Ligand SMILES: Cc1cc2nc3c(=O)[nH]c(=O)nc-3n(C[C@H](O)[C@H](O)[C@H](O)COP(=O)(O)OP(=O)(O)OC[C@H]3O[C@@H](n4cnc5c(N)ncnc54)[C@H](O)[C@@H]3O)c2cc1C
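Okay, here we've got a single chain as C-alpha cells, the form predicted on its own, with questions on binding and movement later.
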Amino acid sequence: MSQTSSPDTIHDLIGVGFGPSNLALAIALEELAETNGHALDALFIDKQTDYRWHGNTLATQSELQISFLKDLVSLRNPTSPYSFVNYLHQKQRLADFINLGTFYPCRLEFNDYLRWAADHFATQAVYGEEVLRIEPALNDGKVDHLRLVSRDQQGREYTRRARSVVVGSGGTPKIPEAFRAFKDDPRVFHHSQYLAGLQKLPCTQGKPMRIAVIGSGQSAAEAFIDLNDSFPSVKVDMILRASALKPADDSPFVNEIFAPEYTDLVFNQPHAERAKLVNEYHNTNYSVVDVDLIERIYGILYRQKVAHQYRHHVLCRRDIEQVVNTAEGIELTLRDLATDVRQTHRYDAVILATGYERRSHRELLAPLQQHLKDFEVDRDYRALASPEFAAGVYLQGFCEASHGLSDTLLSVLPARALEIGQSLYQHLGNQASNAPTALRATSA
C-alpha cells in the first residue's frame, strides 16, 4: 500500500527526524509564531516508534558531557518553559538536582527531558516512519515545493509535500570494512545498538564471555565501564589504534569554540582556514574520553595488577588486519604498530564504538542533487541552490565543515534553531498555511 496526501496539502515545513535539533526548531517556531502573528504549518517525521535520544546507548553510568544549561533553549531564552530547569521543576526534582552539585545530568535524565519537551509537540510529530527520499515538484519549470516519500514499519508508503524541508536525520553508524560481512551476526554490533545488542548475548544470563570493544572515544570507554560494572562474568579487551586513551579538552578557553558566536568566525573564513580551525580543535570531540573515565579505567587495570587477576586489557597501537568467523568465536588478528608483532585473539562478541558518518542527507536529497551546489549551505543553514529551485532545504548536523565543530553537538541548538526559524519565515513569506493534513490511502 502507499498513502498520498490530498493534492491541496502542502506543508510549510517538514522536518526529517525529531531529535534534539528539530525539537529545538519546533520550540523556536512556536516563539516565532507569537512575534510574527501566525504559525507555520510544520510537521516532523521520525523513524523511531516513540521519542528516544540515543536510546540504545543509555547505560546507567552514562553522563552528559556538557552543562545542562546547554539545553534546547536556555542559551537563547532562559525564561522559556522548555528549559531543563523548568523540566526539573515540573518533575519536582529541582531541589534534588541542586543537591547533586553537578552541571552534568545522566543521559537517562536528559533523554527524559527531551521526551518531556517533545510531548508538547505530539500533534506535529509522526513516529514510526522513515523518510526514504525527497523529490522535486516542478511548477512552470521551477521547483516550488518538495515531495517526501516515507515508509512505516508495516511497509506502507506515504507521500507528503512541503515548501521547505529541514533534514536533521543524525549520524549513521560507521562500520569498518573488515566487519561489514558481519552485519547480520548478533555477535557483532555498533555501539549505537549497545543495549539491544547486549540482550542477545549470553552474558545477560550470567554466562562468561570475552568481548572486544573497538574504539578509543567516549562510547568505547563507557562500554568498557558498563561491561565491567554490570557483567562480572565478562572479560573485555578495548582495542585502539592510538598509543593511549586521550582526554577530551574541555578547558574554559577551548570551550569557547562551542559558543554560538564562534559559528560566525568559522563561517566567515575561507574554506582552507575553516578546515584548519576544525582540525585544530579535533581533540575536543573525536577519539577522546572524559578524564574521569580514563582515571576509572586506569584504576581498574591497576587493581588487576595488584590482585594478579587480569580480567580486562586496553590494547593500544593495534591495527586490526583480519577478522575471521570460526566455530569457536570471532578471531581478530592484531598488529602492534610499534613492534610489528601480530597476535590473534578470539572473542565471543565485538562492539564497534567506531563513531558515525554524516552522509544520510546526501542519500535523502539525491533526487535534488542537480539543483543543489554539492550540499553547501549559507550562514542560515539553507542549502545553496540553482535559480529555478525555489523550495527551501535546510541541514542540521551536517555543516561541521562550514559552521564548526559545534554543529553536531548540543551547544548551538537554541541559536541555530532560531536562525533557521527566522530564515523560514523570511523565505515562506507572511502567508500561513492552513491546508488539511489528512492522508488518503491509495493502492500501490
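In this text, residue numbers run from 1 along the sequence as written. Computed from a predicted model, the values in this text were never measured in an experiment.
Another form exists, predicted together with the named molecule; not displayed. Remarks below refer to it.
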From D144, D249, D237, E130: within 4.5 Å of the named molecule in the predicted complex by heavy atoms is E130
Between the options V393, A42, C399, I45, which residue brings a heavy atom to within 4.5 Å of the named molecule in the predicted complex? I45
Even though the partner isn't displayed, in the predicted complex is R382 close enough to the named molecule, meaning a heavy atom within 4.5 Å? no
Can you tell me if G170 lies within 4.5 angstroms of the named molecule in the predicted complex, counting non-hydrogen atoms only? yes
Contact label in the predicted complex: L364 to the named molecule, heavy atom within 4.5 Å: yes
Would R160 show up as a contact with the named molecule in the predicted complex if we use heavy atoms at 4.5 Å? no
All of Q65, R107 and R358 with a heavy atom within 4.5 Å of the named molecule in the predicted complex: yes
Given a 4.5 Å cut-off on heavy atoms, tell me which of 262-270, 198-206, 366-374, 170-178 is the interface stretch with the named molecule in the predicted complex. 170-178
